[in-house]
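Shown here is one chain on its own, the form predicted alone, set out as structure tokens.
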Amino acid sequence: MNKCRAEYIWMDGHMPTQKLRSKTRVLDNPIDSLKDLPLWGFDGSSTNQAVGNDSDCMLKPVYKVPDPIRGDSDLLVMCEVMNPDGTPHRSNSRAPLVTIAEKYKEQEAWFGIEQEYTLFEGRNPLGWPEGGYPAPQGPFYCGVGADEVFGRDIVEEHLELCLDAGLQVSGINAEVMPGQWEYQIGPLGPLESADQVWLSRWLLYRISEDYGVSATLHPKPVKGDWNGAGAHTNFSTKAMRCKGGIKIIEEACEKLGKKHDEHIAIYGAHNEERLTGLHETCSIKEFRYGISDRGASIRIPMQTANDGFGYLEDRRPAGNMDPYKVCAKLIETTCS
């Protein structure tokens, strides 16, 4: 009889930024369908999701991919956290996205999410001298060479694992600050893009363990004259992707400006340290959009402007943002 190891992955109740948790369930047979994965439970009092005298929370499998680390018939399983009665837990940010995605499904929203992160060895970004600083940023973006790029072995293995898991990674690159990297997920629908971002983050944390390195999504991992880490979110609806869609994109930008504060509130903790108006950001206190403007809140790509249709790039989300919340808010603001 072939056993199957299913890694149940979920978001905890840590504030202000939820963390990933996971544990392994050994099943008697390989799993063909999501509905064949059993509900499971965990101690919510150890994850900031329950109190000790009523600690049981439920894990509901909602998305699965092959486990590229264990291989064979093993799985990575993204789960929603539910109350014992089967209702969504207060920390469950996926359930509201399910509702919003269904409500506006005729809009056919697509998302491409650019995940920036920084590799740390101890207290220093990977490749930084102990107790000091490297040369000023400039040569490191998309760089090559041992004096400019740090951690490529981790990055390449992470990419390979994501592809083996069937995740829709569309690219990777070294970022502006040394030790900082980016990968992109999508374009995909709202639920699939957000599920895959969370699973790709889990794989990043997990593979970094093997190298004795930690990956952080903090939007300003190093204070001072260094770029922060964002999660630029490329977004479009079917109307935006059709001829004349630039008008719909501009209307969406106007709507986003009116709801700027609401978006900032759920775009990631400590984002004010990153959105200063410097280092390719717009000030958190300001909203503006423009063509090819990486200092704007919303960038309309050059190709979109030239074609008259395409997508917009929301440059405000922090690296530690919750993609379930960001996707839900973008759809809600632009499609309502």
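Since we're looking at a predicted model, the values are computed, not measured. Numbering starts at 1 and runs along the sequence shown.
The following text describes the form predicted together with a small molecule, which does not appear among the structures shown.
**Asked** Could you tell me if Tyr117 has a non-hydrogen atom within 4.5 Å of the small molecule in the predicted complex?
**Response** Tyr117: no, not in contact with the small molecule in the predicted complex.
**Message:** I'd like to know whether Gly44 contacts the small molecule in the predicted complex, with contact meaning heavy atoms within 4.5 angstroms.
**Reply:** So Gly44 does not count as contacting the small molecule.
**Message:** Please tell me whether any heavy atom belonging to Gly179 falls inside 4.5 Å of a heavy atom of the small molecule, as the geometry stands in the predicted complex.
**Reply:** Contact with the small molecule, no.
**Asked** Any of the heavy atoms of Arg241 lying within 4.5 Å of the small molecule in the predicted complex?
**Response** Yes - in the predicted complex, heavy atoms of Arg241 and the small molecule come within 4.5 Å of each other.
**Asked** Among Gly186, Pro190, Pro125, Gly245, which has any heavy atom within 4.5 Å of the small molecule in the predicted complex?
**Response** In short, Gly186.
**Request:** Answer with one of Asn92, Asn234, Ser200, Asn227: the residue that has a non-hydrogen atom within 4.5 Å of the small molecule in the predicted complex.
**Result:** It is Asn234.
**Prompt:** When the small molecule is placed as it is in the predicted complex, which of 212-220, 261-269, 69-77, 109-117 ends up with heavy atoms within 4.5 Å of it?
**Reply:** Selected stretch: 109-117.
**Asked** Taking Arg294, Arg299 and Gly310 as a possible spot, do all three reach the small molecule in the predicted complex with a heavy atom inside 4.5 Å?
**Response** Heavy-atom distance to the small molecule in the predicted complex: all three under 4.5 Å.
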